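Next up: a single chain in C-alpha cells, the form predicted alone.
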Amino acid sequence: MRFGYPCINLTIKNQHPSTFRLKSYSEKRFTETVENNLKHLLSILNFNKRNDIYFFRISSDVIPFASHPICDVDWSEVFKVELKEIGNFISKNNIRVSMHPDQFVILNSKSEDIVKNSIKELQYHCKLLDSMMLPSSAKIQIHVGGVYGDKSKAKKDFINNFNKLLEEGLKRRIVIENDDRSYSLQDCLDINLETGVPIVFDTFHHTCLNNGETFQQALSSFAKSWNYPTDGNPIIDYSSQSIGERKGKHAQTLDKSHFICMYKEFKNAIIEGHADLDIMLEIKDKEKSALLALKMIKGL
C-alpha cells in the first residue's frame, strides 16, 4: 500500500516561482521556469524515495500556459532529456504518479468553448506524462463537473463527450472522483458503466455525499472500476474534516485516530483482482502527514 501527497513539498521549497503572469510571458521566461520546475520536481521525487513515499501527485504548473495559445514552444522536445530522466527515475523506483487539473476542466459544460479548453488542458497533462514515457497507470484525475439542474442529462453529457471527443491515449489516463456536493460514488459508477473510466474513491467526500453504502461496500464497488494491472492499483483520496471549519474543508494535519481507523478499513477491504490500494493523503501539511502516516503504520 503506497502513501503519497499532492503537488508541493514544504520541506524542499522551490526557490523560484513555479509560474508567472500571462502578461509577463516570453520564451526566455517560459524556458527558465520550466527548467527550474523540472529540477524541483526531481528533487521532490528524490526526497520521497529517501523517505519511502512512493506516490506523488505532480503539479499542473510544471509547464506554465502549456494549453494556452501563447505557448508555441515545443517543450516536450526542448526538455526531452530532462523529462526522460524524471520518467526513468519514477519507473526505476516503482513510484506512482498522478495529476489533477484545476476545477476549470469541465467535460460536461454547457459551453462548447469550455469543453474545448478543458480537452486542451487534459491533452497537456497527457503529453507531459507521455513525454516521461510513463504507463497508463499514471492517471489524470478530474471531477465529473456541473449538474446544471438535471444530473441525469449532465451525466449523459459527460459520457458522450468522454466517449466521442477524447483520444484513446488520453482516455486511458483519465479517472474521475466522487465529490462532496454533486456526484456520489454511485453516480461515478453509473458513468463508469458507459465509459470504463476508473473511479478514485474520495473517502472524505463520501462522508459528505453518499447513497447509504457501508464503507466496505463502497471500497469493493469502486475497486471493480479499475482494470489491474493496466490501470495500476485503485487510488483512494484520504482526508478528514478540519475542526471548526465549514463542512468539507480538509484537515491541516493528520488526524491520528481517524487515520488509524481508516487504515484498518483499507487493510480489511476485499479488493478482488488487485494487488493493493494506493492512498493519496490530501492533508494540507503535505509530506509531514505522509511521513507521520508511514511512521504510524509501522507500529501496527
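Residue positions are given as counts along the sequence shown, with the first one as 1. The structure displayed is predicted, hence computed values, not measured ones.
This next part talks about the form predicted together with the DNA, which is not shown.
In the predicted bound form, at least one heavy atom of H68 sits within 4.5 Å of a heavy atom of the DNA. Looking at S152, you'd find every heavy atom of it more than 4.5 angstroms from the DNA in the predicted bound form. Residue contact with the DNA in the predicted bound form: H40 places no heavy atom within 4.5 Å of it. Taking non-hydrogen atoms only, Q103 approaches the DNA to within 4.5 angstroms in the predicted bound form. In short, of 77 to 85, 212 to 220, 225 to 233, 139 to 147 it is 139 to 147 that has heavy atoms within 4.5 Å of the DNA in the predicted bound form. Every residue of the trio H16, R57 and K284 has some heavy atom no more than 4.5 Å from the DNA in the predicted bound form.
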